[in-house]
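Only one chain comes next, encoded as C-alpha cells, the form predicted on its own.
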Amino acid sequence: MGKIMILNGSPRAPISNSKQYAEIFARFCKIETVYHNITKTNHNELCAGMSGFSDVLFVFPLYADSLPVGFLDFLKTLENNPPVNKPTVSVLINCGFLEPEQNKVAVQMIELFCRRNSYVMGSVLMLGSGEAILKTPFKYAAVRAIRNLAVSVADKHYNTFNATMPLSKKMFCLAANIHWSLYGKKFGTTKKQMQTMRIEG
C-alpha cells in the first residue's frame, strides 16, 4: 500500500484555496496522506522525506500562466537534492479563469521537470474558476473532480481531469464584476478606482 505526500505550493498556503483542495483530496483518498506547506525554510527537509512516499501531489494556484515563485524555488532544491526513491508526481492546479485549459502551460512545466529529473508523471487535475468555486453552488463540480483525482492516485490508474463552473463566459464575467465591485465597496474603493493601473496617489 502506498502513501501520498501532499505539498502546498501556494504563497498563501496556510489560508489558501489550495489547502482546502488538499483537505478534500485527503478526505476522499483511501490511502494515507501527509500534508505539508512549502515554506522558505523547509525545502531540504521535504526533499529528504520524500523517499518514504509512493506519490507526491503538488497543489498550487496558477500565477501569471506559470508556477508560484516559491514553488519554483522548491523545485530547484528538489532537482539538486533528489530523494533516494522517487515518487510518482501528480498535480492539482487551480486558476481564477473560467477555462481549466489556462493551466496547461504550468502543467507542462511540471511535466518537463519530471522528464529531466526521471520522475514518473501521474494524474493531473486542472480547475477553472478556482478562486471562487468553493463558495458557490457549483462546489460539487470541484469536489467531484478532486474525488476522482484521489481515487486515480490511490489506485495508480493515473489520468487527467478538468473541472470548472458550468457557466457561460458572459455569466462568469458578470458574476466576477458583481463580486469585485462589492468587495471594493467593502473597503471604500470604487469600481473606477479598481480599474486604474495606478497603485498609489
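Predicted model only: the values in this text are computed from it and were never measured. The numbering used is simple: start at 1 and walk along the sequence shown.
There is also a form predicted in complex with a small molecule; it is not shown, and the following applies to it.
The small molecule is not drawn, but in the predicted complex it has a heavy atom within 4.5 Å of Cys95.
When the small molecule is considered in the predicted complex, Leu62 lines it closely, a heavy atom lying within 4.5 Å. Residue contact with the small molecule in the predicted complex: Glu131 places a heavy atom within 4.5 Å of it.
Contact with the small molecule, judged by heavy atoms within 4.5 Å in the predicted complex, is confined among 62-70, 145-153, 40-48, 27-35 to 62-70.
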